[in-house]
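In the form predicted alone, a lone chain appears below as structure tokens.
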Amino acid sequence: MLARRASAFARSFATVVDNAGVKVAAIDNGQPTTAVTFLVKAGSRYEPKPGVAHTLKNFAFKSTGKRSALGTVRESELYGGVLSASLSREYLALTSEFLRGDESFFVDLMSSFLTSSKFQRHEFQEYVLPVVEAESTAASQNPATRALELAHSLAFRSGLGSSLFASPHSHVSLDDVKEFAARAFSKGNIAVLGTGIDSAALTQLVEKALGGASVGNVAVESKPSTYFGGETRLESHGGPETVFIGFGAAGPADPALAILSAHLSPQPSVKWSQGLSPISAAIPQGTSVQPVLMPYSDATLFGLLVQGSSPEGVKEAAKVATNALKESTGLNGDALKTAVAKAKFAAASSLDGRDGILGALSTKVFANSDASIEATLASIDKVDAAAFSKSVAAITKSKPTFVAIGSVQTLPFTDELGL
């Protein structure tokens, strides 16, 4: 039934390659506002030098050949629009949200960053670098963010293991940013996603903006991902005690891991209730366990983020979480049906918001794969008990990725968790 109700949504999505050689996907459900995202393969896995992608992200909406940074702000506010830029390990996303009818201006504004950015030195020194430093400092002071950054480094080393944040020792120059932008801002590296706008209209605007533009045609490259795993411990004070227990695999995303994540999640379906997760009832008070599923174009990292106020509590919660993960290989019957239903709901409900649509479509649009929610739900439905057990057993047999941040003398070691 869920798949049938999603069918109208799925059919309203179109993926095309316009005359400019740029992939365009759009959906229009009649909402009063529109959002357009220029998605560029300029994530940290593609950067030639640590910190370059993070620095490039913060050059978004600065001076271009068409308008100054101040002009961009003033004109966007005149239209009542909102501009934002975000960076993932694979993509740089430039997003504008605005009222219907203003799409011509905002598509032109965002495309100008790709076609005529000036990369001025005074903006680099006075605006970009201070923000880069502030974001990196904030990330280093957040144990959860720090744990995930370290986990990626251990799991994949290079490529997907590259940090989202520039370190104080990165020493990124303006020329580094210019060279990376020149390589990344190529037509084969760009996709445009829209909500609240007709696909044909968006395709026409993109063709007009980029058709005759001086963007290149060289695709960025990154070595195929390989999973390694490893362990690291970092003494830290001032934040919650943190442990990340992860496993990874190279290759396309496995829908069984979405089911595993749904099964282990302590988040109850009814507010104030304990829920049926094998974790929620057993962990000590004052601790939390959060499943983390991070699928990429050619690899996946799955893990459990355990946090709490005391290292003893986190150690006990980590043991509970690890045991629940190991016992999940035998999931079947109603328990498996429940996990499948929760995984399908999570996948479908993620498309209620624009961030969810962007996350769901980004990799699929570049890979020319079926981007519909129907295809996602069908892939989850196909996972039976045998397939689920095989997938979970395979990933948990790999070398674990283990990160401990806090009172490292008390936080658990991998052998204490049976890993």
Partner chain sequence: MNVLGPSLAPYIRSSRTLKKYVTPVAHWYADLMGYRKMGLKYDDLQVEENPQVQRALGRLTPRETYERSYRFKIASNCDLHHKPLPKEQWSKPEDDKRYLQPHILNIIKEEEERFTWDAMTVQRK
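Since this is a predicted model, take the numbers as computed values, not measurements. Numbering follows the first chain given and starts at 1.
Beyond the structure shown, there is the form predicted in complex with the partner chain, which is absent from this document and is the topic of what follows.
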Worksheet item: Taking 4.5 angstroms as the cut-off for heavy atoms, does Lys337 touch the partner chain in the predicted complex?
Response: no
Practice prompt. Using a 4.5 Å heavy atom cut-off, state whether Thr33 contacts the partner chain in the predicted complex.
Written response: no
Discussion item. Just checking whether Gly330 would be counted as a contact of the partner chain in the predicted complex - the rule being heavy atoms within 4.5 angstroms.
Written reply: no
Discussion item. In the predicted complex, is there a heavy atom of the partner chain that lies within 4.5 Å of any heavy atom of His171, even though the partner is absent here?
Written reply: no
Worksheet item: Just one of 176 to 184, 301 to 309, 74 to 82, 272 to 280 has heavy atoms within 4.5 Å of the partner chain in the predicted complex; which?
Response: 74 to 82
Fill in: Proximity to the partner chain in the predicted complex, single hit among Glu97, Asp102, Glu149, Asp198 (heavy atom within 4.5 Å)
Asp102
Response to the item:
Students should find that, of Leu70, Ala367, Ala386, Ala375, the residue having a non-hydrogen atom no more than 4.5 angstroms from the partner chain in the predicted complex is Leu70
Worksheet entry | Neighbours of the partner chain in the predicted complex among 106 to 138 [non-hydrogen atom within 4.5 angstroms] | Arg121, His122
